[in-house]
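Before any questions on how it binds or moves, here is one chain, the form predicted on its own, in structure tokens.
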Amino acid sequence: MATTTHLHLPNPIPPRLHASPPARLRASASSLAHPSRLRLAAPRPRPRHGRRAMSVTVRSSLIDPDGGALVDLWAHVLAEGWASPLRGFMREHEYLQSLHFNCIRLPDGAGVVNMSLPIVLAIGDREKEEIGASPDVALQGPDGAVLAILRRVEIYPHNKEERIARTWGTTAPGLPYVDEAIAQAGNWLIGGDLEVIEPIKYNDGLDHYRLSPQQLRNEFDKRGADAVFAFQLRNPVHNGHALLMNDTRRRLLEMGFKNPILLLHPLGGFTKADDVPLPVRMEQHSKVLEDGVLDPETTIVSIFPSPMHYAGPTEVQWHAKARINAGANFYIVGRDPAGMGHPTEKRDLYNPDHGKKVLSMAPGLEKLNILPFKVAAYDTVAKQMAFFDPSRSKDFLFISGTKMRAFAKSGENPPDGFMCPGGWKVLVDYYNSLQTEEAAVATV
């Protein structure tokens, strides 16, 4: 029997910035009968200090998933079918299509599906040599049990500069995901079909929120939804967000739908150092429902497991495409979706209007209805969040995510009506705990 040699593969998403990081990989090479092995260490939660009028009755699963039936893949995004019809980490022909066209062709010639972000696994020179000519790679859990097998693997060069330039439109230093997940990654990519045996669990108290696309479709059908509108965010929900979501439901009712269901879908993967950690955001979201800001009967809160790239119009296509596979037929998009400030200049990295414009034209997303929302701000006269009225612009106060976090850190309350009291308390308690921890560390 062939002996096995263990080697370390770099984690594609760094644990310190991932609320519930994916597993760390280890590989070993063996014979054809015994596939190479990738060992997965137990996932570790991020420390709290973190970085941070229709009469037709229809089912909620209005859209067939891209490529047909959902495919169980690996590492949450792949394992649960968010990237369907992708069946595993991209081989080179899929990678090049994604990188240069933002879509991939279906193998039967039936058209293209949107796939704007490469989903790849990087390995180093030593890992490449150890895997050698082995056609299959087995994924093992911490206890040694095989969770999945990567079949008919293909290894090809990882041109990081090209990948970064094509995905972000810049190679400027300071791109969070690039710095943490790509810059130090290996010089090779390994792709292949993944056969999943065991689902990935994070055991962080939030797994019950991690509903797969199929589970979400089942829940939409159970609730008798005839429309599903998705809203993604990576910040706590304030009353401006709620205004947008509630107004969208009102618009759908006016269009003739009888039971529109909101999918409140916070991003649960990699986020920037200054973003609020996932466990805190989920607790805050639950308070929003408890306080009646959003209706629990018409709202489903679930975690979207994808990492955040901050790649603007390129990434927002992926966010929309993944929701198609979950059964959403409406997608709410606002200003500068998936964008960020330029890392070296005092300006936005992307034009804030391009995200919604790209979504309305992107190939492979034609079946999804894009709902651009109006700008919401705090109305100092009405003392509540309201849609911005340019005719009396002086009456409105814009409270950014950065300013909101600054309020919470300092213990200063935002204007009444900005956020429900229960939700705001969660944020204040979180930042108070950070200050306590930092003070304790300083005295050691």
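Since the structure is predicted, the reported quantities are computational estimates derived from the model, not experimental observations. Position 1 is the first residue in the sequence shown; the rest follow in order.
There is another form of the same protein, the form predicted together with another copy of the chain; it is not shown, and what comes next is about it.
A.B. asks: Out of the stretches listed (222 to 230, 264 to 272, 80 to 88, 100 to 108), which one is close to another copy of the chain in the predicted complex, meaning heavy atoms within 4.5 Å?
C.D. replies: Correct option: 100 to 108.
A.B. asks: Quick one: in the predicted complex, does every one of Ala165, His354 and Pro363 get a heavy atom within 4.5 Å of another copy of the chain?
C.D. replies: All of them do, each having a heavy atom within 4.5 Å of the partner.
A.B. asks: Name the single residue among Glu254, Glu161, Asp295, Asp125 that comes within 4.5 Å of another copy of the chain in the predicted complex, judging by heavy atoms.
C.D. replies: Selected option: Glu161.
A.B. asks: Which pick from Arg152, Arg250, Arg347, Lys374 sits with a heavy atom within 4.5 Å of another copy of the chain in the predicted complex?
C.D. replies: Contact check passes for Arg347.
A.B. asks: Is there a non-hydrogen atom of Thr171 within 4.5 angstroms of a non-hydrogen atom of another copy of the chain in the predicted complex?
C.D. replies: Heavy-atom contact with another copy of the chain at 4.5 Å: present for Thr171.
A.B. asks: Contact between Glu92 and another copy of the chain in the predicted complex at 4.5 Å, heavy atoms?
C.D. replies: Yes, Glu92 is a contact residue.
A.B. asks: Residue-level contact is defined here as any heavy atom of the residue lying within 4.5 Å of another copy of the chain in the predicted complex; does Val358 satisfy this criterion?
C.D. replies: Result yes; Val358 sits at the interface with another copy of the chain in the predicted complex.
A.B. asks: Please determine whether Gln284 contacts another copy of the chain in the predicted complex, using a 4.5 Å cut-off between heavy atoms.
C.D. replies: It does not: once another copy of the chain is placed as it appears in the predicted complex, Gln284 has no heavy atom within 4.5 Å of it.
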